[in-house]
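We begin with a single chain expressed as structure tokens, specifically the form predicted on its own.
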Amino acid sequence: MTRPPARRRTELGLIILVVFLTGGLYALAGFGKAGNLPANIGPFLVAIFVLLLVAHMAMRHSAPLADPILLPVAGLLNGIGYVFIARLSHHEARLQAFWTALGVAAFVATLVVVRRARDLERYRYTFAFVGIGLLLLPLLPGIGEDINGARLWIHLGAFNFQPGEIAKLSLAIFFASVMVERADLLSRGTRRVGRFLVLDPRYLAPILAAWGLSLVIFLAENDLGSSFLFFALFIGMVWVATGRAYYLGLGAGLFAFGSFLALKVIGHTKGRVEAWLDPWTHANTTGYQIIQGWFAIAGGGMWGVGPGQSSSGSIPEASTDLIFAVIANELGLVGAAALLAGYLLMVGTGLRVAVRCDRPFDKLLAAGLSLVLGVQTFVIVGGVTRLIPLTGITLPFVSYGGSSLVANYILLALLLRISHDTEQPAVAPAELVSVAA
């Protein structure tokens, strides 16, 4: 096994590589847009290095045994996203820089406060109430805000926030704690019908409750993407906990039935589905965004038009919903595939952490957090490429948005805490002291 100090040295080396890669992309974007180096490239590189170094030092102090891959990959995705946001809007770039600093601060705070991941299990119902409360908060009159047909935001003065981003972490913790208790009951029959053992219907209550919650979100907030994310998170964790694949089929059936009912009464969502099925018929309305994303991706070809040289002004919501299309346009299929490879690396590493866990709660929480990253990426990339209807979910670490960025850095810290806890018993105390020093 690799000695713990080598893990942190590996992480530091990767962070330095991330700084160079991000700085190179920023320089190329500056040349492509204005024909010269960006005037602030020096402060930009220093800021990236300092923020990632702060996160790295927090890792050395609080989680020295954690996986060395996750933080650098997250930093690279964050850096790539910032480069494209800066090219699209200087105002949004300044805000994204602030949110990145706040996200790193939240990352450090999470590592310091959460000393053992399993301690979170004690507060399962607190996390449940907080998660549900945050999901329903945008429905309150006066502070809830409707943007692009979906009511996902709260507005307090000059402050906008998407509470569902934090809610997904709270509910992942709650789901993991519930599955620890009910995994055995959900994985085997408990009631005899004739010669067969079947599952007692009352043990399906958590699944039906999760289905009902996702349907409430869908109906009340007009948001298919978040509804699918939360329901997929729960069903995925049930599958991991029980090993029974039929829960995937049951979940798919329930979500399809709920979506069918909701489409009958929600005009906004019905319009999105119609645009997904035939965007050309709605080219001037709901299909416009999808079509412009297609043109951008197709125009990039294999190698892209070059950083800073795309005509992204025609792409609506370019820094948020369709930032993947902008990246594919400027970096081509190769760059878009590399970006997706980064997400695959993060999700795969998170699932590897889950597989190596001995404690059931840690295993389920690591799997759940990895599912959040994977499903969220699938939903937005699938929407942009028209694999599924387009929704307003952000691309983790890349899209513009403060609440998403802060929540994803907290998610990353929890994954790394679990990774450290998993490796800790296998390391001699003397080695731990040397790492902390």
Partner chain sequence: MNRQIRVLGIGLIILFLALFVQLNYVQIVHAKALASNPLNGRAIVAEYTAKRGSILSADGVTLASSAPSGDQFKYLRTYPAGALFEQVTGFFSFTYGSDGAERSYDKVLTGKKSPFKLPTSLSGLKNLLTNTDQSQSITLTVRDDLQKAAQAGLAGRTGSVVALDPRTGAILALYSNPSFDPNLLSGHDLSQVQANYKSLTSQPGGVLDPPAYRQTWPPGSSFKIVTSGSVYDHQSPLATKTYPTLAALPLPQTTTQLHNFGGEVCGGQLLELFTVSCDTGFGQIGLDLGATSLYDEAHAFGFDQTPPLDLPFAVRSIFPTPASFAQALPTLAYSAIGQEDVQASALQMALVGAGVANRGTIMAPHVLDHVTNSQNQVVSTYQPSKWLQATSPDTASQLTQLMTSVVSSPDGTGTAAAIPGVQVAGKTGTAQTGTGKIDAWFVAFAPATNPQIAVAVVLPDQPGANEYQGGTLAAPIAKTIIQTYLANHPATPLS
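None of these values were measured; they are calculated from a predicted model. Numbering follows the first chain given and starts at 1.
Keep in mind that the form predicted in complex with its partner chain is not shown, yet the notes after this line are about it.
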*Within 4.5 Å of its partner chain in the model of the complex, counting heavy atoms only, one of 53 to 61, 399 to 407, 367 to 375, 40 to 48 shows up; tell me which.*
367 to 375
*Can you check whether S310 is within 4.5 Å of its partner chain in the model of the complex, heavy atom basis?*
yes
*Should G332 be counted as a contact of its partner chain in the model of the complex, where contact means heavy atoms within 4.5 Å?*
yes
*in the model of the complex, does T320 have a heavy atom within 4.5 Å of its partner chain?*
no
*asked:* Is it the case that L136, even though its partner is missing from this view, gets within 4.5 Å of its partner chain in the model of the complex, heavy atoms only?
replied: no
*Of these, A128, V347, L263, V114, which has a heavy atom no more than 4.5 Å from its partner chain in the model of the complex?*
V347
*Tell me, out of W294, F257, Y123, Y246, which residue has a non-hydrogen atom within 4.5 angstroms of its partner chain in the model of the complex.*
W294
*Going through 324 to 339 from first to last, which residues have a non-hydrogen atom within 4.5 Å of its partner chain in the model of the complex?*
F324, A328, N329, G332, L333, A336, A337
